[in-house]
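First comes one chain, alone, set out as structure tokens in the form predicted alone.
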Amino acid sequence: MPYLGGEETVRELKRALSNPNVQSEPLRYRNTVLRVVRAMSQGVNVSGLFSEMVKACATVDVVQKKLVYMFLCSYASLNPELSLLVINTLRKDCQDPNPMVRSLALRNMSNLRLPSLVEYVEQPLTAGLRDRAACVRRVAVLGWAKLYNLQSGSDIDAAVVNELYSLLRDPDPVVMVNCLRALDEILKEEGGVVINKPITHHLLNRMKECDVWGQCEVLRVLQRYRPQSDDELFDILSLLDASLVSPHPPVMAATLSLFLSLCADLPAVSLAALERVSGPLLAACGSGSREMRFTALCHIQLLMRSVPGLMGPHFKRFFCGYAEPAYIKQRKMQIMVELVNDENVSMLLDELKGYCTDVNTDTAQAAIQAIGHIGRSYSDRCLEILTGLLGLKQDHITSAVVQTLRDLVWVCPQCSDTVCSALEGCEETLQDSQGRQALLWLLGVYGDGVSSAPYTLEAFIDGVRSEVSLGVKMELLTATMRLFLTRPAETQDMLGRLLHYCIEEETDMCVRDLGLLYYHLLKCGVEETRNVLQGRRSDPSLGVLIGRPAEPISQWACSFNTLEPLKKGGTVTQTASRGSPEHEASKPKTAVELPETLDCSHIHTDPPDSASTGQRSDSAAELPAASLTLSLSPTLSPEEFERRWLQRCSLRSEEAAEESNDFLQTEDRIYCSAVLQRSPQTLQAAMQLVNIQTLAFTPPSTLPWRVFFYTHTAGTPASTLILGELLYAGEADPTPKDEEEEERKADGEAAAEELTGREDRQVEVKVTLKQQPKDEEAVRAFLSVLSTVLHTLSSERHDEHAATHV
């Protein structure tokens, strides 16, 4: 919007600038120039004063020169012909004995940005590169970058490029950094500044002289260099070591990014670097800047993808402050979910419970979803908190709790009884469509356990004409159909009314088509309808996985110290799913590729060099897997698994098998290769194919490596429950190690090599099984199935390994 009274102001200022009396008094003249700049900043078009302001730049007053140059740079593009008048003054100022005046003239000469003035600017800039004052050289270096940006299609002057390369050894660190930036701009089409070994070591040795942003620029440019030998690499890492724990978060982040780039083939060194930066990152989380805190939290989540327990001892540092913004609170809650373990679960749940009543509804709902995510591993404690929150009778809290209960019961069906008892009366508080859809799904799937389910659905059906949500209508129709199959007498009349409305009165074609589908389905018979609608109530493949699998650093290293972690949101805890959880579960969760069928051709035998070849039994392979049927029902919670597992610990002995009247415990060995390199998701998915449910893993890079699982057997004289553990403790090497290898083991590399360096030889995995009631034939058949799964994974791993070498 133009400034009111602008034309009169311009005329008044023009008279003042042309007044000889004003020009004769330097202070009045400078104040008049200041009024012009002030009017320009207020939106007045003062371009008509260009010629008067050109005359005003011929002064010895540095302050007045700055004001005039600011004006000229702003309006030079509108007055290209008159801009030629100021060139002589600027070139004259470039010869001024005052270095401040020289740098000011060079800066504004390059800021005019007029192609017609390029020929007048080159000579002063060339002279500025050799100026004795550092401030002039700083401006001249950046001036060449501006000049080439102005005429990007012109040829590059090799002499200027060589001069800039020589200035990389300038004693002033700012000149050195500006040369890097200028060369990157000038040589942009050729890939930027070229970094070789002498330049790399020179920049590293000079980096401490630079300010924070200068160090970041140097570290960014150094990512283009690749050391020629391991000795050179470790020399560079030694020089970067101090910057890795810098108190300045930008320097620390840039250094770690360079570390990860250089150590792409040294995972142990990269992991050690991640552990070292945990302290500076935690310090950044306490920064006074909200933006800095949020960025640090996002990058902590990125690091935890490869080192899940990195911040475990410091979980209290992620407790939320009352005055913190919602986006920081929600990010902290996501991190707290990742840090839950047996020791801190009570404290973290108490903390999250306090956030559930936050005045910000988004924060409260995020806290409830975080509790639901923890409930996958600690269902009893979380259910107690969630059901207690329903008593608050607040719309947004009740909605979030019902959605969380729906998602929780989908992955932990053993919670269904508690959830059903908590649903009574929830419909009176729910107002939003997502909460009502979740409630309707629960009433449809578990309505046989909710006494008031038909009456609740009838209230929804009576108000269906005023319902505006399409999702609620479709979920209501499906829930009523499902409840009709379990409680037909109470639901038949209301189902008929709902189908009549959906087919005859509903205007939305989606609801109408769904009503017609269910109507024709009922005409086919109740049993056909039951087969279609009454599928599984849960997805065991989403069951409890205690401990998050570690990802390779290479998967996210390229996005570290960029905006990518901030845009993607890092690790999402458990977002509220829209619609039925069946639809969410149908989406692929991981990039796991498994064979369509398990190869049963592998025989459970010892490796040729094993000393126990003649001692062990091959009974596990004698019974074919087809003679045994495995099942995941009834579901076993982690708490119940732990209780049953520990209940029989007193029966353990040195023998391979030990029996009681109704209990069998046995131990066996399976020899396989490469299965330890498989991710927990891959092993879990493979076992799911044969109905074996995994409950807990240790991280793949630690020893001893364990997996706990369970299954139920059928097709035998009696149904039995089998609890199992896979254990790999590592192999003892009798040959003495030299001092260097001992140091590497002390640094934690030995465990990683034990687990990742077994591409071509087999390892011994100990299998412990506990069965109740006892059925030796079922155990032998189960061992055959388990051996087939592990051998199939091993063979697939070998195929992948061979393919990479073809």
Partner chain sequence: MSASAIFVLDLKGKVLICRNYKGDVDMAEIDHFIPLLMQQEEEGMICPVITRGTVHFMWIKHSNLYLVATTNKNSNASLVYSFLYKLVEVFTEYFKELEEESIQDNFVVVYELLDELMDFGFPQTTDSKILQEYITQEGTKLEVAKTKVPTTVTNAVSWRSEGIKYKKNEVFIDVIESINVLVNANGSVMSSDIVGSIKLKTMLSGMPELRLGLNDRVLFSLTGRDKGKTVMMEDVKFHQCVRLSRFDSDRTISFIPPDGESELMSYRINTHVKPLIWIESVIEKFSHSRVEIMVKAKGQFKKQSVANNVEIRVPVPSDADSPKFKTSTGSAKYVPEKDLVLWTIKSFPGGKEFLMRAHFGLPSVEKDELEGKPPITVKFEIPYFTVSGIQVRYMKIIEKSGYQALPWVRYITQSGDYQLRTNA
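Positions refer to the first chain, counted from 1. The term rigid core refers to the most C-alpha atoms you can superpose between the two forms while keeping them within 1.5 Å. Since the structure is predicted, the reported quantities are computational estimates derived from the model, not experimental observations.
If you look for the form predicted together with its partner chain, you will not find it shown, but the lines that follow are about it.
* Name the stretch, out of 515 to 523, 419 to 427, 448 to 456, 98 to 106, where some heavy atom lies within 4.5 Å of its partner chain in the predicted complex. => Going by heavy atoms within 4.5 Å, the stretch is 98 to 106.
* Asked: Can any non-hydrogen atom of Leu78 be found within 4.5 angstroms of its partner chain in the predicted complex?
  -> Looking in the predicted complex, residue contacts with its partner chain do not include Leu78, since no heavy atom lies within 4.5 Å.
* Hey, in the predicted complex, does Ser41 get a heavy atom within 4.5 angstroms of its partner chain? -> Yes, Ser41 is a contact residue.
* Answer with yes or no whether Ala778 is in contact with its partner chain in the predicted complex, where contact means some heavy atom within 4.5 Å. => No, Ala778 sits far enough from its partner chain in the predicted complex that none of its heavy atoms falls within 4.5 Å.
* Does the 4.5 Å heavy atom contact test between Gln369 and its partner chain in the predicted complex come out positive? -> Because no heavy atom of Gln369 falls inside 4.5 Å of its partner chain in the predicted complex, the answer is no.
* Asked: If you check in the predicted complex, do Val174, Thr295 and Gly321 all have a non-hydrogen atom within 4.5 Å of its partner chain?
  -> All three within 4.5 Å in the predicted complex.
* Proximity to its partner chain in the predicted complex, single hit among Lys55, Arg30, Lys774, Lys766 (heavy atom within 4.5 Å) -> Going through each option in turn, the one that passes is Arg30.
* its partner chain isn't shown here, but in the predicted complex which of Arg181, Arg487, Arg91, Arg706 has a heavy atom within 4.5 Å of it? -> The option sitting close enough to the partner is Arg181.
* Asked: Even though the chain is shown alone, can you say which residues of 389 to 407 have a heavy atom within 4.5 Å of its partner chain in the predicted complex?
  -> If the 4.5 Å heavy-atom criterion is applied to its partner chain in the predicted complex, 389 to 407 yields Gln394, Ile397.
* Asked: When the two forms are laid on each other by their rigid core, does Leu106 show a Cα shift of 2 Å or more between this form and the one not shown?
  -> Yes, Leu106 moves 2 Å or more.
* Asked: On a core-based superposition, does Tyr446 travel 2 Å or more at its Cα between this form and the one not shown?
  -> No, its C-alpha moves less than 2 Å.
* To do: Answer yes if the Cα of Asp131 shifts by 2 angstroms or more between this form and the one not shown on a rigid-core superposition, and no otherwise.
  => Yes, the C-alpha position differs by at least 2 Å between this form and the one not shown.
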